[in-house]
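The chain below stands alone and is given as structure tokens, in the form predicted alone.
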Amino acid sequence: METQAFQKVYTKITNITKATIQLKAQGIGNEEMAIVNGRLGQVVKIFGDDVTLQIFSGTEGIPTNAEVVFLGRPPQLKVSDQLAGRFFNAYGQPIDGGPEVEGETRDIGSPSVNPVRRKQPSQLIATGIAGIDLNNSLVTGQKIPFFADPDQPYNQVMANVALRAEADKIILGGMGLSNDDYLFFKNVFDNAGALDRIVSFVNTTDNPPVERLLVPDMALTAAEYFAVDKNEKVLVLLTDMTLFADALSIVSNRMDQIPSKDSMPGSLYSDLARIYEKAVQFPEGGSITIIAVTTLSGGDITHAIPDNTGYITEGQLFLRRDTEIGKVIVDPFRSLSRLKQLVIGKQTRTDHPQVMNAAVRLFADAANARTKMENGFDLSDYDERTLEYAKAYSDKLLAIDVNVDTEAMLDISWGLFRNFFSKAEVGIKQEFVEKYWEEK
């Protein structure tokens, strides 16, 4: 970071915690960057002329007479078409050995789009994952999280979505990735020949956790360039928002703020909303769709992070391991896309809403049959068939390794209905039964 003339320089630090320093300074802006003893910091609190800075790499070894140089600006990213196919760190610097990006310098963390400039989302974003496209279709401009246990392969799901999604650009914001995860993403994108439409901002477990706080804003600044300047359909993948929230709590706890529920900062809701509300459909055709991962602690969705996330986002996609088939599925009972009715049966085949409802209803009947079986009750012939159907439905449609288009998903569903049930048991409108029941 280069310094310029007339920058504000201070040499008297009044307080140092593990993550922050405090000093008296005037004319400083919120979120302004500074260099403290050669380390990068950012203003997180201004009270009168008391200014608190978070130091990204920690404060160990910083003396009270260290030089503090304010840069007069928030963190920035250079945006241009050269971003495509590149990997950057949390500061927007290349980590893939390639050249610096040339382009226009933009401040990160700008406000979300004025509602007047927004349009009702109406474009389907197909992911090729039937548990999403069949039961919980996503729409451009939507914001939705995956809820998953830490041991589930959510990064593989994210990589699959990146490769299959029908979007012009995919922006990956990786927070607290292990080096294995980082190399996994890099290899998958490379081998699929998809790098030219993917931009990645990565903070690994080797980097200071506080740097994670910059990653979503970096990713969204790049997304805004492609969506606004280029009118492109942009999909932003953020993983893992639980580690982002943990980094927020590190800073707030070390500033001695009184923690809220689950030791999270009281500002958690607005900190998350500031990111998710960047999802938008523009009238001109550009859009930003956000899919994030929120890892759960022991499946607990009442924890402050998933709890707040659920209020902000438009549904959730719930991953769980199906013990019957030994695969991870998108759980149809606990997943919900609140915007799916804007596209199903309109941008997909007209039988989609009926097929979706029938398939899930029969899956629910299987769950009831399983309860009967576990409690020692006799099963009817119908119960037996629902159990067989549920296994096939999980394996052929809900499992995250299924990759087919919506047309094929509907045809597979009709095939399952035919195999296990009568027309009356499926309970779909006559016009669709006449058209689709017989094998093509």
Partner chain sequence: MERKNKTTGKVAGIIANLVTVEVDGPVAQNEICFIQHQESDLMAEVIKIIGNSAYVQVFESTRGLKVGTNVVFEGHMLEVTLGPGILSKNYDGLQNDLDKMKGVFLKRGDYTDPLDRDKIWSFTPIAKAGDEVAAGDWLGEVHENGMPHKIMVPFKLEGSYKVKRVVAAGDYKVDDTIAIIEDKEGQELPVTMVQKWPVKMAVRAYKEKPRPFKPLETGVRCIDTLNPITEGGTGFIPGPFGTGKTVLQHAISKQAEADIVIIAACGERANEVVEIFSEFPELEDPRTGKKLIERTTIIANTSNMPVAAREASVYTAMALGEYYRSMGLRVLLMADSTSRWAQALREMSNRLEELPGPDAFPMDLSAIVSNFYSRAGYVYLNNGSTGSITFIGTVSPAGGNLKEPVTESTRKAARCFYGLSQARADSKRYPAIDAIDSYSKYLEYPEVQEYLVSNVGEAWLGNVLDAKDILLRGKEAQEQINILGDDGVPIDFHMRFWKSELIDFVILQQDAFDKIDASTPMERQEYMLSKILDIAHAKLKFDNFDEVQNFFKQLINQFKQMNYSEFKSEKFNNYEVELSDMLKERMN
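Quick caveat: nothing in here was measured; it's all calculated off a predicted structure. Positions refer to the first chain, counted from 1. Here, rigid core means the biggest group of C-alpha atoms that superpose within 1.5 Å across both forms.
What comes next is about the form predicted together with its partner chain, which is not displayed.
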Look at the stretches 238 to 246, 122 to 130, 312 to 320, 94 to 102 and give the one with heavy atoms within 4.5 Å of its partner chain in the predicted bound form. 312 to 320
With the partner omitted here, the residue among Arg418, Lys12, Lys18, Lys429 that in the predicted bound form has a heavy atom within 4.5 Å of its partner chain is Lys429
Candidate from Glu166, Asp107, Glu324, Asp190 lying within 4.5 Å of its partner chain in the predicted bound form - any heavy atom: Asp107
Distance check, Lys230 to its partner chain in the predicted bound form, heavy atom within 4.5 Å: no
I'd like to check something about Gly61: if you look in the predicted bound form, is any of its heavy atoms closer than or equal to 4.5 Å to a heavy atom of its partner chain? no
With heavy atoms only and a cut-off of 4.5 Å, decide whether Gln354 touches its partner chain in the predicted bound form. yes
Can you work out whether Ala194 and its partner chain are in contact in the predicted bound form, taking contact to mean some heavy atom pair no more than 4.5 Å apart? no
So, a 4.5 angstroms cut-off on heavy atom distances: do all three of Lys24, Gly299 and Phe363 pass it with respect to its partner chain in the predicted bound form? no
Looking in the predicted bound form, the residues of 107 to 129 with a heavy atom no more than 4.5 Å from its partner chain, listed in order, are Asp107, Ile108, Gly109, Pro111, Ser112, Val113, Asn114, Pro115, Val116, Arg117, Arg118, Lys119, Gln120, Pro121
Pro353: Cα shift of 2 Å or greater between this form and the one not shown (core-aligned): yes
Comparing between this form and the one not shown on the rigid core, is the C-alpha shift at Ala34 2 Å or larger? no
Honestly, after the rigid core fit, is Thr52 moving at least 2 Å at Cα between this form and the one not shown? yes
